[in-house]
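Just the one chain here, laid out as structure tokens, in the form predicted alone.
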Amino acid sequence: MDWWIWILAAAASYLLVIISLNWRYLEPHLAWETIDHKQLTFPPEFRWGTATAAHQIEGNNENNWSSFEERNGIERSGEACEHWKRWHQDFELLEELGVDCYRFSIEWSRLEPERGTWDESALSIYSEMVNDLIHRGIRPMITLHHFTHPKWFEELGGFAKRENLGYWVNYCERIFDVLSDRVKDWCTINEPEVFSIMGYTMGMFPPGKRSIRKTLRVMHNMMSAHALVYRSLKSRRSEVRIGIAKNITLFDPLRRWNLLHWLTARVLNHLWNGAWIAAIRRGRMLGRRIEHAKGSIDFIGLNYYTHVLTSPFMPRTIEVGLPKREHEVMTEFGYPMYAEGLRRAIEMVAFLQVPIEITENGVADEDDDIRPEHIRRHLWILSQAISDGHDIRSYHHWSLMDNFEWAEGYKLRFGLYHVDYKTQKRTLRDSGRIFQEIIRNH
């Protein structure tokens, strides 16, 4: 009967491996029907806001994304939300919501359409925007790179070539010198892992490559780009706060009993999340030293949307529907609503030991069916995390209004305000009213 002993020993060893993998990557699911969403507690100084990105709302931008749209025959961003013409009215929407902070991005290609040629009138408009927000009592947070940059920078190789980083630093310094007397919160780069992997592995973002080698190079260069700008801007004005907006997507095993699924989840979690956190904590990314990266943030911007159930046979395109747990609600983007993951994401970035700003959180929901519940659940999780001692300073809902959703075009709607793209009329959704009421009450 010795073979029984071997079978039991093997099973016990397997179980121990699963448990050892499981303890740090638990996947909790709450009984939401038993939770009172109205039991929210936020400190008086907590800031409420929304977020947007220049290319998604401004209209008529000429950059790496507009070239990608034309080259690949995908839906054009075109007029977008005509925000460049309508920003005064859109800031009135912010005031109507009652927010006291607003995260938006600067479009580099508007300011430096040709290498070394600067459009001072465009810079003046961004300066007017800042003044108008402050006049309304709304604290601006500026993102310097939100997936887009000038065509000439892309033609030089963009972030795939380290020698190009000087152009990026020069652009950031120029904007900073004009606006930093009034803008105290800055994000250097939005979701560098999304830019790297979607653009150089999955091919769904510009430049549309599929190369692991180039992906790793761009990852390192973007971390270097952030670190260089952080050191430069802090030397110019030390009192401002500079961070990076990091998307935390959680990767969980599709089958909890399957060791290969666990290992796949661990690898993807490290590439998507851990490597970037390690670069900031220790100055090393995937075995390579990143000069000046260690400690290069005053806050961490957290973008959180979902978790992904993984196996060794993950699709290389998000056009394939992702799996979900039986009880989970699937969003229009094709991934599940998983509010419990926000707490896990908070705990992950809390290792950086700096204040946390929730820089994005929202859901694609054209009919506004699940957004109200999405808001309530995520804010309840956020309230609990703050009560438990996490230093979270703000919440920026994605997004203020419907807009151009990158590779998905206009079919996905994330806005608290519905946008009729034919008339450009903005209409506050019921979920927007719920968010408005929560802000008013807290």
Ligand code: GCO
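For every residue, the number given is its place in the sequence shown, counted from 1. What you are looking at is a predicted structure, and each value in this text was computed from that prediction instead of being measured.
The discussion below concerns the form predicted together with ligand GCO, not included here.
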- in the predicted complex, does each residue in the set Thr188, Tyr230 and Glu357 place a non-hydrogen atom within 4.5 angstroms of ligand GCO? no
*Partner proximity in the predicted complex: Glu405 to ligand GCO, non-hydrogen atom cutoff 4.5 Å*: yes
Task: Heavy atom of Ser224 within 4.5 Å of ligand GCO in the predicted complex - done: no
* Phe351: heavy atom within 4.5 Å of ligand GCO in the predicted complex? -> no
*Would Tyr417 show up as a contact with ligand GCO in the predicted complex if we use heavy atoms at 4.5 Å?*
no
In contact with ligand GCO in the predicted complex (heavy atoms, 4.5 Å), from 140-148, 257-265, 118-126, 78-86, is stretch 140-148
Partner-free chain; cross-checking ligand GCO in the predicted complex, the single residue of Phe42, Trp380, Trp398, Trp65 with a heavy atom within 4.5 Å is Trp398
Partner-free chain; cross-checking ligand GCO in the predicted complex, the single residue of Tyr102, Phe251, Tyr305, Tyr167 with a heavy atom within 4.5 Å is Tyr305
